[in-house]
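Quick setup: one chain, the form predicted on its own, written in structure tokens, and binding and motion questions come after.
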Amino acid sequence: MLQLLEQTWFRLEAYLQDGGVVMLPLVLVSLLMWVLIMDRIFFFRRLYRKTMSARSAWEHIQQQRMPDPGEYRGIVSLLVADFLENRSGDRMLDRFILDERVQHINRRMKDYLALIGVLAAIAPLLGLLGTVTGMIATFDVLSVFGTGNAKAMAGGISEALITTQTGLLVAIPGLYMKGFLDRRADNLIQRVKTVGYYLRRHL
């Protein structure tokens, strides 16, 4: 097992070295993108679990009772807790506070999603940059040695292909996950809007 890990590490190291200097920003973009994706996955997963019905939400607000975290952890209980913390006691003002809290929570649903999309879009461009630098290196070898140094020419071509491949490998799953997270966020936003409208009618 240890030997297998060691071989994999050496292959990865050789792959990164063959890709040239563009591989470093590509790796950093990939790491940052997946950290943000995992953050959003766990965040949305928590808001989908142990959800509260609109009727229960209204009962909690009527009784000025905070949702029990052991019983409710979804996005509606987050709205109820947020509203109860900021409630004024004045009916008209409470309606504005409720609207503001709904908008505040909905904005949080979109956190980092645009940045994930940007990072996924940047990756193939970095791959294209690596293609250009690799082809420049190849033409430099051709201008000095002609076609007599095949090994040096292969280094430039290898750099061009590896960076293009890596850019696409980062971008394709990144764009898929961006779409997936957008749909999860839209569902939660719609749920909060619906419950917010229900609560507003009863305030």
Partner chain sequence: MSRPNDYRQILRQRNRGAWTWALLSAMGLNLALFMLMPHLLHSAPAKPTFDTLLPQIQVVRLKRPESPISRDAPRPPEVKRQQPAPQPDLNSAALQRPVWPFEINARLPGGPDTIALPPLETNLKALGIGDLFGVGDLDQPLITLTRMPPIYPLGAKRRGIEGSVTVRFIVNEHGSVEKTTIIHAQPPDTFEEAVLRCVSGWRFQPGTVDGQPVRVWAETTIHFTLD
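Bear in mind the structure is a predicted one, so any value in this text is a computation, not a measurement. Numbering follows the first chain given and starts at 1.
As for the form predicted in complex with the partner chain, it is not shown, yet the points below apply to it.
- The partner chain in the predicted bound form is not approached by G156, whose heavy atoms all lie more than 4.5 angstroms from it.
- In the predicted bound form, the partner chain lies within 4.5 Å of some heavy atom of M66.
- By the criterion of a heavy atom within 4.5 Å, E85 is counted among the residues contacting the partner chain in the predicted bound form.
- Although the partner is absent here, K110 is not a contact residue: none of its heavy atoms lies within 4.5 angstroms of the partner chain in the predicted bound form.
- Contact check for S30, D39 and Y72: all three have a heavy atom within 4.5 Å of the partner chain in the predicted bound form.
- A heavy atom within 4.5 Å of the partner chain in the predicted bound form is found for exactly one of L169, M135, L175, A152: L169.
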